[in-house]
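Shown here is one chain on its own, the form predicted alone, set out as structure tokens.
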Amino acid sequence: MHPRKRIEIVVEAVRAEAVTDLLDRLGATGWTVLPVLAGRGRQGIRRAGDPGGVDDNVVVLCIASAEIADRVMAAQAELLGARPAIVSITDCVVLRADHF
């Protein structure tokens, strides 16, 4: 078992590519984008399925080294800007260290 960091970023779907581009530039070896079906926060309940997809959110999931996670935190101004997003970083373990 190899310790890594699990980076989860909830962001508007229209910003997902900017987030994955940033992760690539920071050295992440991979990421996954998952759709968000619904959620509730400070602005109330949001549900997926907007006809234009403008209000839809996604989760960008990335498992990386502690060094990459530190780079993500250092780039928070570029990552968040003035746009809504939720960023969390937690400890995890992986079986194949060479993949992350």
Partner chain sequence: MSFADLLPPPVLFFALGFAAAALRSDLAVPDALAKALSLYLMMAIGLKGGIAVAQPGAAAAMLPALALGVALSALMPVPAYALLRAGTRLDRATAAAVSAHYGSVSVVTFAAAAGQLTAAGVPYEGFMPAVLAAMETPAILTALLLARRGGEQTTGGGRELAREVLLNGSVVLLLGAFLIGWLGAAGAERQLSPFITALFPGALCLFLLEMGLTAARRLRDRGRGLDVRLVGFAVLMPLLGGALGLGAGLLAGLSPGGVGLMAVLGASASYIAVPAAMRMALPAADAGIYVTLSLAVTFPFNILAGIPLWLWAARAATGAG
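Numbering follows the first chain given and starts at 1. Bear in mind that the values here come from a model prediction, so they are computed numbers and not experimental data.
One more form of this protein, predicted together with its partner chain, exists but is not displayed; see below.
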Checked V14, V10, I89, L22 for heavy atoms within 4.5 Å of its partner chain in the predicted bound form; positive is V14
In the predicted bound form, P51 touching its partner chain (heavy atom, 4.5 Å):
yes
* Asked: Can Q43 be called a contact residue for its partner chain in the predicted bound form at 4.5 Å between heavy atoms?
  -> yes
(request) Please run the contact check for D55 against its partner chain in the predicted bound form: heavy atoms, 4.5 angstroms, yes or no? (result) yes
- Just to confirm, R71 within 4.5 Å of its partner chain in the predicted bound form by heavy atoms? no
Near its partner chain in the predicted bound form, with a heavy atom at 4.5 Å or closer, the residues from 23-38 are none
